[in-house]
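Each of the two blocks below gives one form of the same protein chain as C-alpha cells; they are labelled structure 1 and structure 2.
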Structure 1
C-alpha cells in the first residue's frame, strides 16, 4: 500500500539498542516498500533524524538511554513522523509514553509489546503506509494541540472506511487457550494515526452517528468471521453495544439476519453491555436483551462493579457472562477493597450461573490471582493486545 502519486519510498527511522531487533524491523519495512534506516544509540539517531520521516520506531527501554527524553526531543523538533513505541516488559510505560507523546503534539501510529508477532509489525507498517507524508514544520503552538475530531470528521471517516475493528483475544485461564475475540473499534486517520474509541464513541453517541458506527463495525467483524471460517478457524467474537442501541427494537432481528446471511451462528457471538448502560433504562434494556438471548446470542455484562446493579435485577436478567471491570483487577493485589469486590463478583457470577471473565490482566501475579479465585476467562495486555484480524492468534 504505497503512495500512489510518488515513487519515493517513505523514510522510516528505527532506534533500538538491540541490533537484531533493528534489523528485523528494518527488513520487514524494506520488504513493504519503506526506506528504512536504523541506529542503536541516540547520537546516531539525532544525526539521522529529519523532518520528513514518515515513521519512527522507538524502543522505550534502552540501557543508558531514556525513551522519554527522545520523545521530548521529537516534541521540541515538532516532529510530524508517526511514532511506533516498543517495549519489552512494562505495558504501563508504553501507555504512559503514548500519552506523553500525544500531549507533546506527536502522532502515535501504534505500540508493539515485545516479543511481537511479525503480523503485528506488518500491521503497523500498513498504518504507516496509509498515513500522509508529514506536513512542513508548523509553528510551535501546534505542538501542544491535539486533534479534536468533529461529527463531520467522524462521518467522513465512516464513509471512507477508516473506522475498523481490532480484535483482542480472550483466554481460558486454566489452559491459556484463546477462546474468542473482543471487537474494539479503531479509527485509522490518514493524518493523525490511530484514534482510540474513547475519543470517538461519545462523539458518535451525542451526534447521532452511533448506529452507523455500530453497523459499520458489526458488518466488518461478521465479514471477517466468515473469512476466518473459510480458513478452517472457529471464531467466537464479542461485540460492544452502546446503551443507545438498546433502544433499537429491531436490533435482535436485524442482528440475527446479518449473522445468518453470512452462514454464522448467534451462539458464537457475545453481546457486551456495560452495567451502567443496563441500569440507565432497566426495563427497556431487559426487553431487547431477552429477545437477543431468545435468538441464542450470548450476553455479557461488561465493566461489572461500576454500575451498582441490584442482586434482584441481575437474577432477572438473561446474561450468560460477567466481565469484572479492569479497574478492580488493576488494584486487587494492592487494595483490600478492590480485592473484596473482585472476589465477591466471582462468587455472585457463579451463583447466578454466569461465566466470569477478568478484564485488564497485565501481570503474571494478577493472572495467578484470577485463577485462584475461579475466573474462567481472562483478557489483558499480559495475554494479548488488540490487533488486526491478520495478526489474531486463533489456534
Structure 2
C-alpha cells in the first residue's frame, strides 16, 4: 500500500532482543516502502529515537529495561509514533500492555503475538502506511495559553449564572424512546467559552465550593423539570453527587424539600453515585443513601467496574440502577476481557434486581450488543449528546 506522504519513506524503528526478529520485521517494512531501522537494546533505541517516527515495533520481553518501562519512556516523551507491541507472552498480557500504552496517551496500531504470520505483520504495516506522519510541535504563544481557573473565577461564575445544567438523553434500548436525562454541569465563560467539568469540579471539591456548585445545578435542573411538567412532559432526571455531598447529613431532607416545593416527585429523580465515591467512606455513604432511598429517590451506581467496591457492599447498598462504565462498552466488541466484564455486570445487576444502563454507546454495533445482552437503557453520542434544555430531543 502506498504511503500518503510521497515526499519520503515513513520512518519505523524496531526494538527486539532477537536480531533475527529485527531483521525479519525490517525486511518486510523495507519491501513495503518504509525506512526501517532496528536495534536490540534500549541504549541504542534511545539514541535512534526521534519525534519523526511513524511507527515503533516494541518487544515487551526486553532484558534490562523491559517493554513496559519503555512504554513509560515513550509516554513521558509524548511520543506521537504508532506502537506495534510484540510478545510471546499470552494475549492477555498483550492486551494489558495495549491498555497501559493507551492510558499513557500513546497510539497503538496493533499487537503481534509471537510467532506471527507474515500476513499479520504486513497488515500492521498497512495500518502504519495510512496514518499521518507526526506533525512537528508548534510554538504556543503566551496569549493563547489555556485558561487556568481559580476558586475566585469559579465563585464569580456561580454568582453570575455561568455554570448551567446540560442534559444528556437516556434511551430505552428496545424502542430508542427517550426515558429521561442525566444532568451534567457546564461552565460557559463569556471570554473563554465552555470549560469542561474535569477542570472545575475537582477545583470546587478542593476549594470548598462543591456544595454551592451542587445546589446551583440541582436548583436549575429542578426548575427546568417544573417547566417541562407544565408543558405536559414527564421528565425523569439523574443528578450526579460528589463524594463530599455524601457527608451532608441534611442532604436527604434538603433534596426532598427542593423537589416537593416544585410540585415534583422523588421517584422521578435518580441520584448517581460513582463506585469510587461509595468506597470513600462506606458507612457514612450507606447512611445517606439509605435515607435517600427511604424518601423514594432512585439510586444509581455510576461508572461500574472502575472502582473497588466488593460484591457484598454492592448487595448491601440500596441501589436501584447500575451503569456500566463507557470504557468497557467501547472495547467490548474488540477485547474479550471487556466483553466478559460487560456481560457479567448485566447479569449481576439483574440478579440484584437493578435496572442496567450502558454508558458511552457510540456505534450501531455497540447498540445491538447492549440490546442483545439485556441492558434496559443506554446513553451515548450515537443516541444524543449533552445539550441545553431547549435542544433536548423530547418525542
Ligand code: C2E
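Quantities reported herein were computed from a predicted structural model and do not represent experimental measurements. Numbering follows the first chain given and starts at 1. For clarity, a rigid core is taken as the largest C-alpha set superposing within 1.5 Å between two forms.
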Here are two forms of the same chain; which is the form predicted alone?
-> 2
Honestly, after the rigid core fit, is residue 174 moving at least 2 Å at Cα between the two structures?
-> no
Per-residue C-alpha change between the two structures, residue 119, threshold 2 Å, rigid core fit | yes
Taking the rigid core as reference, does the Cα of residue 368 move 2 Å or more between the two structures?
-> no
For residue 44, what C-alpha shift in Å results between the two structures following superposition on the rigid core?
-> 49.0
